[in-house]
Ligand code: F6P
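First comes one chain, alone, set out as structure tokens in the form predicted alone.
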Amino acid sequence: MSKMIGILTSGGDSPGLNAAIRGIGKALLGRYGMKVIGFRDGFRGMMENRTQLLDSEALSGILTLGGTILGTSRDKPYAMPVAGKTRDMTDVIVGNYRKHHLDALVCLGGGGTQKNAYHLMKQGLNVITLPKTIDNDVAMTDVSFGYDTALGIATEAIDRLHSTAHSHHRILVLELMGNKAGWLALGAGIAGGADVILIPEIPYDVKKVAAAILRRSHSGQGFSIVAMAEGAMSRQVVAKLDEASKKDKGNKKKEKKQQAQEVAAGNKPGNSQYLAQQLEELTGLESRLTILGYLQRGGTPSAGDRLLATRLGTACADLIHNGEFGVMVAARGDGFEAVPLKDVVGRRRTVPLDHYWIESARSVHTCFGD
């Protein structure tokens, strides 16, 4: 009998997901004669047993499509909202895996997906994953698909902001995604020629940022572009959080909830709106904020992401054929590496402080606020 393989996409949508589905599916169908089904809307769809046959017709024409033809969700197998309550639906998911006589389950997603896949692996399922995220923060891989597309979109946004900033002699702050990793803001900031780059890995001093902008103004450059990662924080905020953590180490959930409420209220000294106001007050220059938001992860995937997703997808099919499971298919140079999931979960790929991108940016007089 032909082997049966399941595929699901989980977490936020990302360019390249369909290219990865296509790469996995076409290699399994054409090279190894296996059958493939997709589960709709991530782990929730697997729990609800909502499937889609991924045959040659279903895989045709999806290479250039953004998003995911399978749909996605952020639901976790062990903590899934069902009928108004959060329940552990692991047994149901395992049961559906057995019901479809699956030989393996492929999970495409970011850090949370890697953790969820590892949880299912420990329940005895043959699991294999691919790293997907525009944040580029999945551990143990050189790069995640989705990042290259988002980087291009963010860079183009900075390019377009230059004309307005120059024409009106303004400070323009651009907030970019990236969660707690600065790859997107750093890469786009360098490629777009931002004057200031603020990332989570380097807490900033707003007075030093203002001073750098004033130096540009006094030298005749009457505008400045600030590329800011959504997770970037000022030194003052970092100090407050460290103090709160010391006082209440056992109550992390309450701390995180309070932080989220402060950001939502616009009161957190360090978020982009507050930063734009501070810079206007400190410099006397008009300041405007642009939040790129979900535009960064929408639309047609770049050639780089299509290539990467296809490369990792076909490698995934080879690993399945060889019976190698419990791994993530990581990008390594021009090839790949099968990395044990236990080495991936619970870790985040952040920007090293001595990374050559940072050194290059400093060499062209980019300010990091430190």
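The numbering used is simple: start at 1 and walk along the sequence shown. Model, not experiment: these values are computed from the prediction.
The form predicted together with the named molecule is left out here; the points below concern that form.
- The chain is drawn here without the named molecule; in the model of the complex, the stretch among 207-215, 134-142, 101-109, 116-124 whose residues come within 4.5 Å of it by any heavy atom is 134-142.
- Put simply, H162 is far from the named molecule in the model of the complex: not one heavy atom of it is within 4.5 Å.
- A residue is said to contact a partner when one of its heavy atoms sits within 4.5 Å of a partner heavy atom; M177 meets this definition for the named molecule in the model of the complex.
- At a distance threshold of 4.5 angstroms between non-hydrogen atoms, E230 is in contact with the named molecule in the model of the complex.
- Contact between K76 and the named molecule in the model of the complex is not found at the 4.5 Å heavy atom cutoff.
- For the partner-free chain shown, Y294, R297 of 275-308 come within 4.5 angstroms of the named molecule in the model of the complex, judged by any non-hydrogen atom.
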